[in-house]
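Before any questions on binding or motion, here is one chain by itself as structure tokens, the form predicted on its own.
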Amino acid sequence: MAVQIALANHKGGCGKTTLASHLLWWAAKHKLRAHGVAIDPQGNLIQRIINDPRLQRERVYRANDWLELTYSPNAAPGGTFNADVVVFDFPPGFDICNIIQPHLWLVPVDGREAVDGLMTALRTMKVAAGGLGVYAVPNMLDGAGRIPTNAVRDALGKVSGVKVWPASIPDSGTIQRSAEFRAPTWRIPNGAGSAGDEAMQAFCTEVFRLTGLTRRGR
């Protein structure tokens, strides 16, 4: 059975697609069968990974031997996936989060406004039996300074039903450029070994460890 991971937030530009694409690239790098699902009608997840998108098998795009993507705007895709991990990239807003029940919700949080949105959305974010729950992932907060970062972390820690990711994703030029190159941080020019790359790889490693995917990739 595939491990299902979903990324959502009530606003755009907070890092959902960036984190989702890196999880998929990481899975493929470690020879895990990965499938990305673009729930967002804009299809940003597909555009981030497929440089020359050519539709195959009814909205299914093949990136390489280990990675495929499906375009399923505002709807849960039907059927099952021949995959070890499925990553869902949701559009801005929490109103359709009830269409799936993944094992893990990841909510990138880039400011206090995102905390308020998450608090109102929890009732719609169901988790599969035996799942890991809802994690808020502080993202790009350090660009505003230590005090705002700590304030948001403190606020998140008081939200019942939400776990706070132990490490923050930095406001990193390397991570921003990965979107421009449509490639993971470890493959863009001068990206490998940078602070942003190390943070992104550490994030992916921990997600896979928590979900048990690391053991599958060995």
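From 1 onward, residues are counted along the sequence shown. All values derive from a computational prediction rather than experimental measurement.
Omitted here: the form predicted in complex with a small molecule. The next part is about that form.
*Asks:* Counting any non-hydrogen atom inside 4.5 Å, which residue from A179, I50, V159, V60 sits next to the small molecule in the model of the complex?
*Replies:* By the 4.5 Å heavy-atom cutoff, the listed residue in contact is A179.
*Asks:* With a cut-off of 4.5 Å between heavy atoms, is L24 one of the residues that contacts the small molecule in the model of the complex?
*Replies:* Judged by the heavy-atom cut-off of 4.5 Å, L24 is well away from the small molecule in the model of the complex.
*Asks:* Going by a heavy atom distance of 4.5 Å, is T70 a contact of the small molecule in the model of the complex?
*Replies:* Taking the distances in the model of the complex, the answer for T70 is no, it never comes within 4.5 Å of the small molecule.
*Asks:* Verify the contact flag for M140: yes if a non-hydrogen atom of it lies within 4.5 Å of a non-hydrogen atom of the small molecule in the model of the complex, no if not.
*Replies:* Taking the distances in the model of the complex, the answer for M140 is yes, it comes within 4.5 Å of the small molecule.
*Asks:* Hey, in the model of the complex, does G191 get a heavy atom within 4.5 angstroms of the small molecule?
*Replies:* Answer no; every heavy atom of G191 is more than 4.5 Å from the small molecule in the model of the complex.
*Asks:* Among 62 to 70, 38 to 46, 24 to 32, 148 to 156, which stretch sits within 4.5 Å of the small molecule in the model of the complex, heavy atoms only?
*Replies:* Of the options given, it is 38 to 46.
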